[in-house]
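A single chain comes next, written as structure tokens; it is the form predicted alone.
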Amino acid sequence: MGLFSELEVSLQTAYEVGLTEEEYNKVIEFLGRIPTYTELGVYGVMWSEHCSYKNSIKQLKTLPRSGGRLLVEAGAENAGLIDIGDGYAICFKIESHNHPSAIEPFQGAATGVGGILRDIFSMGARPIASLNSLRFGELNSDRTKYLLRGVVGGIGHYGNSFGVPTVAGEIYFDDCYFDNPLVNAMAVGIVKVGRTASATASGVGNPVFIVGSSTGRDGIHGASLLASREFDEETDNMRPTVQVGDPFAEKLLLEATLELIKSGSVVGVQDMGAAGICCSTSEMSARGAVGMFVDLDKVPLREPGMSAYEIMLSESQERMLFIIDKNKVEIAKDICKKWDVPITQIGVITDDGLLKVYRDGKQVCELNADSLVLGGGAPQNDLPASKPAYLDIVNNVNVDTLDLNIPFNEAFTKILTSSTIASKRWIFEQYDSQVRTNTVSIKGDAAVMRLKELPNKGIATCTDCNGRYVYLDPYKGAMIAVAEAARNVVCVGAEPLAITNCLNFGNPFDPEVYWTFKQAVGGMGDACRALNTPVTGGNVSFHNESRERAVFPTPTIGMLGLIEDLNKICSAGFKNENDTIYLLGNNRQELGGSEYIKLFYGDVVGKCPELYIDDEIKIQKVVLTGIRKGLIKNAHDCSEGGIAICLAEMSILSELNIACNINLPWELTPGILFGESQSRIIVCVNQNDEMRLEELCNKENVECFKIGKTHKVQFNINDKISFTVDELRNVYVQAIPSIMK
């Protein structure tokens, strides 16, 4: 039966589906003929940056993608897998849903959560935690408030309804994100080693099933166009490309999927996320070096009259593609019936390596599956790159010589109540952080989760990236993102194991943007190698810009840490009176890119803080050792806002209104109080343990400064900044709610 040419195809049609002239000619060369309209759509979506990483893969291959405790190499499966011992592994990944969230914030964010959860349980892991990393414009605009309400509402709705705790995250507010917010969603799951499923098709004659929801027109072109273009006057017309999620359907799909995998009936399984049926059929076939026959007439549809093109490219949610052992089909059907989850056979595995797709009894696709995917026929580009001209301008502003003349008390209060620094309680209280009762703490520098399968063992997770630093120095800023993420899990008593990343950048065809991307990937890779935290996988999100501006380069890091003994963890809030407070690390005066400069100079300028990776390794070793020995009682990473804000947060987080009396041993300057030098941690020890801490620091050659004592009620720094804990907590907690009203 010959191929059915639904619509006439031309170079203009190729442009419309996101292909370049060169790529269109390559498609013709692969096929030896003009593609059908459906075939062209499949190539358009599969060769999009979102699916093929065609403009980033050469750089991503330079990252440390194996080693350590990794059980699968980065990119080999739907998510990363880390061995935590005792026969268990942690599965985790982070991905972006930026463009959909800018168009339809509630559903964009909700389906971002749903998609990343499916990546976890399609591996056979039960999700135990959800995290996020968010970026918006300044909070003084109605648009930003609308986006923030919608995104937070969507995250809370999906996670709360599905039944996974949202335990950690971060949020920044900068003007560059006004048009294009960043919504990065991360999920974490646990699985027995050997009980995982692979996203690989195999076994000629094995049937192919769609399991889950029916297919509609929502999400068509989500990957090829919405995630692969800048925002312009036509963007709002792309609202139909945003998927619509159903968390209750996904909860049933989760339980059915885990039971199917456990039953031994599953040969392979992949989430139908970006590019829908196109992606799952072609990627699974290519991995297994097999072919697949697909009959689109069998696909359950929720809208009449859908074309082959629409069915293939639909990104309707809560669907999975399963390859089931042909001898165990009834087992699979019984499990799906038990969970009231639809299961429909749409195809069968073949031995010819071809993806053959039929609609209305006519063949609409005959494609070599390998030609569609990363590592096969998909393009791999190395784009022109040049150092951005803006760097010479912003880096040459000497922030140390700026005479901003802001009284310390006034500066402190304004920084503490700025949207980026202030309490995010208004946000996180909309999330259920305690469902499933695994959550130990969400009040430290990273979330701490118990693992019920492994008594007394736990994990710590966080997301981190200060895009301002990456803007000022892409290489160093990306290193800092990795180092700070590791530092945060160390501060709760966890050993950093591995990262996942979500790389958010502007248009890669702009040589200056691509240069920052290459530099950031290089910095991230070098930091990961130094800290022995390999990259398990993640996501690249390009085209994060509008006609007016590009976002700061924002390589978000999701970090996983392991806690061998949950009795030896640490919190950030002060616990006891008369404890001794130490600042560990080199206290350089570095205001470049700081919250202080942003607020009072009005721009992000100066030089990015230095990062000496050997110093970072030493301080993390000291703090982790101190916590495990029961020596360090409290630990808090000194980052945005500097020492003054770090100490204020430790007081605010105290459940007993314990504050501190601080006498810094340096002349007070904005750089001392509010500088954001890296590799610094403030810790508390019992006054009888001062010598033990100092000996530990001396042994590892870590600078150690005794700066004060904890005491009740009054927060004081060198008699220049003074408030009660209640005063601090009130302004800190109420800052964002007062703006949102």
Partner chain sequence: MKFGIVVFPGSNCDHDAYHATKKNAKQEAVFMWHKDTSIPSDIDCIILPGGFSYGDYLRCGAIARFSPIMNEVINFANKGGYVIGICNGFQTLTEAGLLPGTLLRNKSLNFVCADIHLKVMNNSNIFTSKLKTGDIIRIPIAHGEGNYFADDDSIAMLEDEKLIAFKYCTKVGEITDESNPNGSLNNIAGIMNKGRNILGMMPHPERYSDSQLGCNDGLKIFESIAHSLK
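Positions refer to the first chain, counted from 1. Because the structure is predicted, anything quoted here is derived from the model rather than measured.
Beyond the structure shown, there is the form predicted together with its partner chain, which is absent from this document and is the topic of what follows.
Q: Heavy atom to heavy atom, is D360 within 4.5 Å of its partner chain in the predicted bound form?
A: Looking in the predicted bound form, residue contacts with its partner chain do not include D360, since no heavy atom lies within 4.5 Å.
Q: Counting only non-hydrogen atoms and a 4.5 angstroms cut-off, does G573 reach its partner chain in the predicted bound form?
A: Close contact is absent here: in the predicted bound form, G573 is far from its partner chain, nothing within 4.5 Å, heavy atoms only.
Q: K598 versus its partner chain, in the predicted bound form: is there a non-hydrogen atom within 4.5 Å?
A: No - in the predicted bound form, heavy atoms of K598 and its partner chain never come within 4.5 Å of each other.
Q: Look up in the predicted bound form whether T439 has a non-hydrogen atom within 4.5 angstroms of its partner chain, and give yes or no.
A: Yes.
Q: Could you tell me which stretch in 76-84, 530-538, 251-259, 466-474 has residues with non-hydrogen atoms within 4.5 Å of its partner chain in the predicted bound form?
A: Residues of 251-259 come within 4.5 Å of the partner.
Q: Thinking of K61, S202 and E283 as the candidate spot, does its partner chain come within 4.5 Å of a heavy atom on all of them in the predicted bound form?
A: Not a single listed residue reaches its partner chain in the predicted bound form, so no.
Q: Would you mind picking the one in R287, K424, K518, H157 that has a heavy atom within 4.5 Å of its partner chain in the predicted bound form?
A: Comparing distances to its partner chain in the predicted bound form, the residue within 4.5 Å is H157.
Q: Name the single residue among K618, R450, K633, K356 that comes within 4.5 Å of its partner chain in the predicted bound form, judging by heavy atoms.
A: Contact with its partner chain in the predicted bound form is made by R450 alone.
Q: For 533-549: residues with a non-hydrogen atom within 4.5 angstroms of its partner chain in the predicted bound form?
A: Residues within 4.5 Å: none in this stretch.
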